[in-house]
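This document starts with one chain, in the form predicted alone, laid out as structure tokens.
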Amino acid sequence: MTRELHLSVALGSAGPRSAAHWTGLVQLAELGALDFVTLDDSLDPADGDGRLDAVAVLAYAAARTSRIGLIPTVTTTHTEPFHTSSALATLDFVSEGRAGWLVDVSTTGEAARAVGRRDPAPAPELWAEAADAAEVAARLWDSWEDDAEIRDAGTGRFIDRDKLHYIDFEGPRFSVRGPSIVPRPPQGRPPIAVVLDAQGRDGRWELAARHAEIVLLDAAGPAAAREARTELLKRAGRNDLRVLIRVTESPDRLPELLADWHAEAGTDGFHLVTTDPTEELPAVIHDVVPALRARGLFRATHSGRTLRDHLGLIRPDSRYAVRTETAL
């Protein structure tokens, strides 16, 4: 039986084009039934001229698409985890369950000076902080049980306060009490994505093992990708982890390359990294995707509704709801 692959695309950085420009690319990617798009972001002024906020751009695109997953980059270095979790939960509501989060950190002095809150820090320290931010976001998304909203006009009760929970996170870098100010997102928890190098074993690996459900993997070849996936699953101790190899290649060579790697690497699919999405994405959708379908490797349309549906990931229960049921 042919094993279908997951396919996604990196649109690059959200600047200096308009939100309508990026939305046109997202709509094209949706036409090809891709699992999701990623949109980069950075707080470093040197990384772009007039960059738009990636979460806001994808919120604009969400209202003009209906199936494709939407994953913005959000750095954890100069942002509050409470605000990050609220923004991504809101994107999940706006998109009706299609949001994810590509976790990144800001290491440059330019980014630090632009924000003006703290000095630059070494990457290992920042990725340890990112892991704490991911933990806080997950707890905040769980802090409202699914049925916490009552909306009973007769009694004037909007929420059941017994179904809202303090998360009481205490870490070396920050503390967050909670609960969230946003109800539990449609997906329960928007999937967390991390970019990893197959040859590295740094803090990103620890974050991925603990929190990620999507790994975007840079690997030199299928054997390295297979080895990295095996180790990631072993570290994570769970199977809800999708490993997609990042690929930068000319579209005319992609169908054969992807088919060969998919057979040899044993990974879950590919994240196509474009250098010029305006030029390259049409060839991906109109040439590469049909060629993969002809090989029986890629679906004809989205069969589900949410990003979790596309990736075959279950919707997690609220950890606090589980505790309540256990106590009873």
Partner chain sequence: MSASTPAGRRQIHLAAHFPGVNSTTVWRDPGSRSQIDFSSFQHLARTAERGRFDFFFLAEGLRLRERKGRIHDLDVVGRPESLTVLNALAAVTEHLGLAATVNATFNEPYELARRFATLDHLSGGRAAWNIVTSSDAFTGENFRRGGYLDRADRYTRAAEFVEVARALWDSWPSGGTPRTVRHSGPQFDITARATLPHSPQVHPVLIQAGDSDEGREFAARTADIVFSRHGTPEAGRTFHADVKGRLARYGRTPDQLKILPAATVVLGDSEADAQERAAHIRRQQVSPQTAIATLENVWGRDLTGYDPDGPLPDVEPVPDGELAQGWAHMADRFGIAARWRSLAEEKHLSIRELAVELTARQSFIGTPASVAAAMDEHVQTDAADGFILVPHLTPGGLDEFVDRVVPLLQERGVLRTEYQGRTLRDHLGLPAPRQEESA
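Just so it is clear, the structure is predicted and the values come from calculations on it, not from any experiment. Positions refer to the first chain, counted from 1.
Omitted here: the form predicted together with its partner chain. The next part is about that form.
From the list 250-258, 160-168, 235-243, 207-215, the contact stretch for its partner chain in the predicted complex under a 4.5 Å heavy atom rule is 160-168. Using a 4.5 angstroms limit between non-hydrogen atoms, Gln199 is distant from its partner chain in the predicted complex.
With a 4.5 Å cutoff on heavy atoms, Trp101 does not count as touching its partner chain in the predicted complex; it lies far away.
Contact check for Val57: a non-hydrogen atom falls within 4.5 Å of its partner chain in the predicted complex. Although the partner is absent from this view, Glu129 contacts its partner chain in the predicted complex, with a non-hydrogen atom inside 4.5 angstroms. In terms of contact with its partner chain in the predicted complex, the residue from Leu31, Ala263, Ala283, Leu43 that brings a heavy atom within 4.5 Å is Leu43. With the partner omitted here, the residue from Leu292, Val273, Leu52, Leu39 that has a non-hydrogen atom within 4.5 angstroms of its partner chain in the predicted complex is Leu52. Taking its partner chain as positioned in the predicted complex, the residues of 57-89 that bring a heavy atom within 4.5 Å of it are, in sequence order, Val57, Ala59, Tyr60, Ala63, Arg64, Thr76, Thr77, His78, Thr79, Glu80, Pro81, Phe82, His83, Ser86, Ala87.
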